[in-house]
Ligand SMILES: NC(=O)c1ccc[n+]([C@@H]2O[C@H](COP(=O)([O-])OP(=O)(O)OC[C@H]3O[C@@H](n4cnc5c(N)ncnc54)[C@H](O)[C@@H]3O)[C@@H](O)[C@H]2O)c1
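Quick setup: one chain, the form predicted alone, written in structure tokens, and binding and motion questions come after.
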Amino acid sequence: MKKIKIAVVGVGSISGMHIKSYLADERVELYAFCDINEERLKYMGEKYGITRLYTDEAEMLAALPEIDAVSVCTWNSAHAPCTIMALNAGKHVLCEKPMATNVEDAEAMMAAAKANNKLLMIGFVRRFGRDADTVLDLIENGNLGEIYYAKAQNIRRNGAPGGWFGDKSRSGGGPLIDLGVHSIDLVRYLLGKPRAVSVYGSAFTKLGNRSDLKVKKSYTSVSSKGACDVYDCEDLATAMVRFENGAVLSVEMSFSLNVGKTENSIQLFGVESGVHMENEVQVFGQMNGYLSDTSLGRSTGLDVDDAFMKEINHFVDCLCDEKTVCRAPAEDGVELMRILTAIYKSAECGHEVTL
């Protein structure tokens, strides 16, 4: 069987998850790398044995028309131009989250996919986690009942990644667009993808990059230069999102916050029971007139490597079989950009924003 030739555009930190997942799929040939950073490009080429290396995407696409699909793993502001260029060249695209930095670019990306009759899948990797599969199973079997409230928290005490992540011109924002996009999307996905009708949000830039601290950060981008990094976006964002079905989501996302411990959890509250997704899935309900707490075990917790493997495998499934329904289509990326943009707008104007 002819192998699918994959090019990776942007070979920074997140590309490693794509690369090792492609390498594990026998249906794929990892074919070319592209990055504007020549030093990083050379390093990644040597590390993975890729000799087709380009610093210009247009040049790569012109020189290698045999490429079938592209993974876009650049910084956020380059997602739209890189994706549209690949789509217009007749390639399928898996674009990392967030889809873009504004709604207009996201819509242009979706339009390019439709115009060229190519797949555009968005990197909502949390949809492919074991915890997501477990909770979906509970929901589909009626164990939670009507879900009317949810909480999503990704709280870091000292976790501003540095590099382009704090530069709003490239990132589009701070923890809301970087971390919140995952959490908000996963909650919406588990709820059956209802449309958001209104948001109220606040954003703060108080602690910034915290580059003066002597302790190690919880996560550092390969592009970080420490104290020289630009930081002009929020370090904490909070929001309430109301959906058309009446459900409400509370969101708290931070890179830097004076808090006792880090949090990365999602909670759903239903009439029959609630679930807490963190290191494992826990179910809180009642049994025979008593309140009951049930742990479904560590095997139901999120394994990031496994989730990326399943995400990439699904992308390849879609390319191999047109009947496979994409689990993270462009339409969902556009809807998330509408929600994120509305939260930032609400934080700026100080009142609720309707969608």
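Note that this is a predicted model, so its numbers are computed, not measured. Residues carry their position along the shown sequence, with the first being 1.
There is also a form predicted together with this ligand; it is not shown, and the following applies to it.
R40 is the sole member of R327, R27, R52, R40 with a non-hydrogen atom lying within 4.5 angstroms of this ligand in the predicted bound form. The partner is absent here, but in the predicted bound form a heavy atom of E96, alone among D229, E96, D235, E252, sits within 4.5 Å of this ligand. Residue contact check for S221: one or more of its heavy atoms lie within 4.5 Å of this ligand in the predicted bound form.
Within 4.5 Å of some heavy atom of this ligand in the predicted bound form lies at least one heavy atom of D178. Using a 4.5 angstroms limit between non-hydrogen atoms, Y31 is distant from this ligand in the predicted bound form.
Taking non-hydrogen atoms only, I14 approaches this ligand to within 4.5 angstroms in the predicted bound form. Here the chain stands alone, but in the predicted bound form its contact with this ligand, taken as any heavy atom within 4.5 Å, falls in 31 to 39 among 285 to 293, 313 to 321, 31 to 39, 59 to 67. The candidate spot formed by I184, F243 and M337 lies out of contact with this ligand in the predicted bound form, as no residue has a heavy atom within 4.5 Å of it. If you take 78 to 97 and check each residue for a heavy atom within 4.5 Å of this ligand in the predicted bound form, you get A78, H79, C82, E96, K97, in sequence order.
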